[in-house]
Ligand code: HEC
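Quick heads-up: it's one chain on its own, the form predicted alone, in structure tokens.
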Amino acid sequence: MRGRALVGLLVAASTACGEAAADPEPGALSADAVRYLEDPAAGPAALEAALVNLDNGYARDRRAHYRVGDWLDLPEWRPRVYPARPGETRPVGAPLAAPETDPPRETDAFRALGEALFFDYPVQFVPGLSVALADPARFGLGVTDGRVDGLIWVDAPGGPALALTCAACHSRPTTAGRVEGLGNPDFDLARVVGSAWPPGMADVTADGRDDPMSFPDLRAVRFQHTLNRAATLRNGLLPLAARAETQIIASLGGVARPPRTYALALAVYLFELSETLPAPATTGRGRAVFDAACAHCHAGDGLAGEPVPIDRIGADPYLAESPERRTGYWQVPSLRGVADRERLFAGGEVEGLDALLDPGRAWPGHRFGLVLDAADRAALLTFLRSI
């Protein structure tokens, strides 16, 4: 429903006898998070309240199936998994310890569980992944402690099978070690599946069109006002958990679901990744230029903003108009950590900050900041590289 007003996220605490629930103890999960764990209807309610457009494919699919009597009654997906090591053709050695399904209801416990799941929980089977295991570097995957980041062996009914974890697309290998949450611009999933997408991109929609998007930087997800490039959902811990839960269900063909603790743990971990990003300066020439040229969209501590109509950016609207995710808007991403992103915008149209602010660039979209003089441009680039 293109004209529907953006709705706010339900964030009120649980009530009892008409009184607000007491604040949780320091370090404890919020009342909303506890309700998500205990009440099967909490996830669907949070997602329903967060949907920006009730008429796209994403919304219709979730509203039809993400409920008691359907997806919420599926068996929990807790397979036995093994590390994936370079050059192996089968899992070797003992399986990894099964992640805890009932951790202490503390933020730190859920963050730690979410981090383990980010690297070790299988979220999608992709035929042909063994070619990436044979030569991880060729496919843009890092190796940490003898294990290939983003791949995991699964003890499947038909025998061992390789699957992707979140880290394949959202963990970038560097000479100093991997950067958790950063979109991996070198992961060449297209080479695995036989597509023409560039590295660092994939088509993750079920719209029947070839519309790959660049892997987003998840370190800044806490600051986003909306989730997904087309601003499909209003952001919040519960909508993010529900998104993770339903995304995994969909990738598994609707035959199993992750434990609710796992979905919430992934959301908590992603929110906590914001702590790895430096805080932006509040003074200085670069900040002043930013405030004048950029802060009309990228504001606040998160340097993010409300979605904007798709024609405001001047980008090709093809991706934003996907029948699966369309809302009539583009997400305004947080710029925290932007200097680490090799590809900018949904279609990866611009490679890096220098290209973004180059007034001679060929791409016609996002013309903001292109009229700056050389000194202001340099000051703005210094500021953007500091955040």
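Just count from 1 along the sequence shown to find any residue number. All values derive from a computational prediction rather than experimental measurement.
Only in words, not in the display: the form predicted in complex with heme C, which the text now covers.
(message) Between 42, 51, 356, 33, only one gets a heavy atom within 4.5 angstroms of heme C in the predicted complex; which residue is that?
(response) Going through each option in turn, the one that passes is 356.
(message) Give me the residue from 338, 29, 59, 37 that has a heavy atom within 4.5 Å of heme C in the predicted complex.
(response) Only one listed residue qualifies here, and that residue is 338.
(request) Using a 4.5 Å heavy atom cut-off, state whether residue 240 contacts heme C in the predicted complex. (result) So residue 240 counts as contacting heme C.
(request) Check whether residue 287 has any heavy atom within 4.5 Å of a heavy atom of heme C in the predicted complex, and answer yes or no. (result) Heavy-atom contact with heme C at 4.5 Å: absent for residue 287.
(message) With a cut-off of 4.5 Å between heavy atoms, is residue 178 one of the residues that contacts heme C in the predicted complex?
(response) No, residue 178 sits far enough from heme C in the predicted complex that none of its heavy atoms falls within 4.5 Å.
(request) Would you check, heavy atoms only and a 4.5 Å threshold, whether residue 138 touches heme C in the predicted complex? (result) Although heme C is absent here, residue 138 would stay clear of it in the predicted complex, with no heavy atoms inside 4.5 Å.
(request) Using a 4.5 Å heavy atom cut-off, indicate which stretch of 76-84, 275-283, 293-301, 102-110 touches heme C in the predicted complex. (result) Correct option: 293-301.
(message) For a quick test of understanding: in the predicted complex, does each of 123, 164 and 313 have a heavy atom within 4.5 Å of heme C?
(response) All three within 4.5 Å in the predicted complex.
(message) Heavy atom within 4.5 Å of heme C in the predicted complex: which residues of 206-233 meet that condition, in order?
(response) Sequence-ordered list: 213, 214, 215, 216, 218, 221, 224, 226, 227, 228, 229.
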